[in-house]
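Take a look at this one chain, the form predicted alone, written out in C-alpha cells.
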C-alpha cells in the first residue's frame, strides 16, 4: 500500500467519529459500491444514534439499522435489488422505532447538490402534488418548503442545502492526495462533495503519477477528500464496476434472513461482531477462491457468468 498524504487506516478514521449522534451520508446504490467495510467497522466500534443519509438505500443501511445504530434515516427509497427488501429498515418504519424521512432519489440529491455548490437551497417542481411531499412537509419542514417564485409567480419546492458532517463512499482507487477514480455511474458525486469531511475507502491506492497520466478519470478531486482508506474488496458482498461483482449467494441468503431480527442478529454476530476487521470478514464470509471468482472481466466490467 502506498502511504503518506491522506492515506489512513480504516479503524483509526472510524475512531474519530463521535460515539453518538454523528451525521453520515453513505454512498452506494442498493448492491453496488456500498461502503461495507466502513459500516462494519462503525458497528464493531459501537457507534449509535446515527443521523443517516443516502440517495438510494442499500445493503449497508440495512446493516446499520438492524444493528440498532441509526436514529434517523433520510433516503430516496431502496432495496437489495433482486435479492429482496431492506427488511430491517422496513420493520423499523412499521413499528415506529426508526425516524424515516423518505424522499425520491432526485429530490434528496438536489439537497446534496446545493450543499456541494455552497448555496442555501435549490428550487424544483419535483414532488409537487405528491404524498411524499406532504409527508416531508410534516416531518422535514425545516428542510423542504413550497413557495412562490419571485420570477414567474409559480409554486416551487425549495430544498435546503445538505452538508453532512461526514460522507463515506467506496471507489475502485484513489491516490494518496485524495484524487478519486470511479468507473461507470457516479450517483454519489454530489453527496461526496457536499460533506464537511469525505472519507473514501478504495480497493487500491494508486500513484499520483497514474492520476497525472489519466486526469480525465478523476471524478472527485483531492480538495474534497479528508481521508483515503485502502481496503481491498471494501464493498464486498456488493459490486464495484470493473473490479469485482456482487456475491449472489451471500446476498440471496441475506435477503432471506433479514426478515427476522433474531436471524439477522446471528448473522451480524458471526460475520461482523465476530471478526476483528474486514480481512477476517472476507475470509469468513467468502474465502480467497470465491473472491477470485468474482473478479471483473477487464473488458465487460463484470465477472464472467455473473448471476
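Keep in mind it's a predicted model, so treat the numbers as computed, not measured. Residue numbers count along the first chain shown, from 1.
In what follows, reference is made to the form predicted together with a further copy of the same chain, a form of this protein that is not presented.
Trainee: Does a further copy of the same chain get within 4.5 angstroms of any non-hydrogen atom of residue 207 in the predicted bound form?
Mentor: Answer no; every heavy atom of residue 207 is more than 4.5 Å from a further copy of the same chain in the predicted bound form.
Trainee: Is there a heavy atom of residue 98 lying 4.5 Å or less from a heavy atom of a further copy of the same chain in the predicted bound form?
Mentor: Contact with a further copy of the same chain, no.
Trainee: So, residue 227 and a further copy of the same chain: in the predicted bound form, are they within 4.5 Å at any heavy atom pair?
Mentor: Heavy-atom contact with a further copy of the same chain at 4.5 Å: absent for residue 227.
Trainee: Would you classify residue 144 as touching a further copy of the same chain in the predicted bound form, given a 4.5 Å non-hydrogen atom cut-off?
Mentor: Taking the distances in the predicted bound form, the answer for residue 144 is yes, it comes within 4.5 Å of a further copy of the same chain.
Trainee: Where, among 166-174, 199-207, 136-144, 228-236, do residues come within 4.5 Å of a further copy of the same chain in the predicted bound form by heavy atom distance?
Mentor: Going through the listed ranges, the match is 136-144.
Trainee: Would a further copy of the same chain be touched by all three of 249, 267 and 274 in the predicted bound form, meaning a heavy atom each within 4.5 Å?
Mentor: Looking in the predicted bound form, the three residues 249, 267 and 274 all stay beyond 4.5 Å of a further copy of the same chain (heavy atoms).
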